[in-house]
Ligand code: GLU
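For reference, the chain that follows is the form predicted alone, supplied as structure tokens.
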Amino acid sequence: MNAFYESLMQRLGAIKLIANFTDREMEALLNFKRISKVELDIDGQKYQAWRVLHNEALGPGKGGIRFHPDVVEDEVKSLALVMSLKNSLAGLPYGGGKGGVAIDIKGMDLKLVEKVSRAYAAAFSDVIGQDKDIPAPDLYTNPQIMGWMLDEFEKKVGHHEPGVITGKPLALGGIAQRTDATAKGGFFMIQSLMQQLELRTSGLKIAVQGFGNAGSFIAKMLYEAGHKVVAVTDSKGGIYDENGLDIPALIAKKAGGQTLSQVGVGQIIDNQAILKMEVDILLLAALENQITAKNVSEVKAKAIVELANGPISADADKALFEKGVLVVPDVAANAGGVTVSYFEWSQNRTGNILDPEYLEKKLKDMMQSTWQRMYGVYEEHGKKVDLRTCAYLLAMRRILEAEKARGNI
């Protein structure tokens, strides 16, 4: 069983006991509406591909497509279920979906990547749609890949339907705010955390594991807000400087082709070292299961914010809570991306182009509302359960309310 899937099932099992959910309610929450699997044949090479719809009680499925050699069905199922929880928690009119192709596209010819993208859209054209299940970019996919998929889907169905996919190029109905939406949503969540815990609004020591799109954007936002980003890492390693790093300069050097370890500043570190640093906030923006039972005892951060999906295992979650480390869970912290995708989908559906300042304020309001509701449940339980449990409770209850309103329970 996939480790992420196993952790998720552990967490949901524990919440069943806390919330006194019935077996029928848990069955409604754990059953998958549709699991679609195909084998893509691209120039004689075969690649396994999936599109999973977990739940649609609140609306059509919504969730990204990842291209990664380690993609397996349990992982896609887990991520689809998490998307149901994330969309429900954020108050969006969506269920949860997810897609993936078991493929390594690093260094792959762009023409071949286009073939894979088009083949995926064609293979799943009967199960995706603006009112069925709406994909978006995820790990190693991007706006251009979404553009190819949109084009292939529209050729297949014979009509324009820009709302079928979000995270598209601007020329195809995409939205400018999508580029840094996950980071900006996470930044607004951190602002709420600081205010709630009465932390100082500048000068906090912060470490960022994962210096890709979301990680580099949020590091820059924190740097510009006057915080001291002392360490950053990516898949090839990273750097540490107790006096703080010049984040815009690092982003520029990385864009110029240098790795973090080549920029000539600070002390070179790896992805494990950054997890052990004594910082105010540790931002996890890399991959799943970075903090587990094996290394949780070495974590010294006062608070952790999950910008990646599932970076902390279930057993590590428990240990961190017992140590008094506040963890802002992924379903809340990284919901900025899907929230802005909702703005894009809404514009595609209505043709009404909304003002960027309005959208930024709307994103901030929605992220802060999520924090307040989640922290409110935390206080209701006497702070005896972690924030993830509180987030899951809110999300699961909203899904169950919809199922009951439909007469399915």
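Quick note: we count residues from 1 along the sequence shown, nothing fancier. Keep in mind that what you see is a predicted model, and the values were worked out from it rather than measured.
Keep in mind that the form predicted together with the named molecule is missing from the display, and what follows is about it.
The chain is drawn here without the named molecule; in the predicted complex, the stretch among 284 to 292, 153 to 161, 298 to 306, 79 to 87 whose residues come within 4.5 Å of it by any heavy atom is 79 to 87. Think of it this way: in the predicted complex, the named molecule has a heavy atom of just one of G210, P137, G174, G266 within 4.5 Å, and the residue is P137. Among residues of the shown chain, N55 is not one whose heavy atoms approach the named molecule to within 4.5 Å in the predicted complex. In the predicted complex, no heavy atom of K184 sits within 4.5 Å of the named molecule. Among residues of the shown chain, T166 is one whose heavy atoms approach the named molecule to within 4.5 Å in the predicted complex. In the predicted complex, the named molecule sits within 4.5 Å of a heavy atom belonging to R178. Interface residues of 97 to 113, taken as those with a heavy atom within 4.5 Å of the named molecule in the predicted complex (partner not displayed), are limited to K98.
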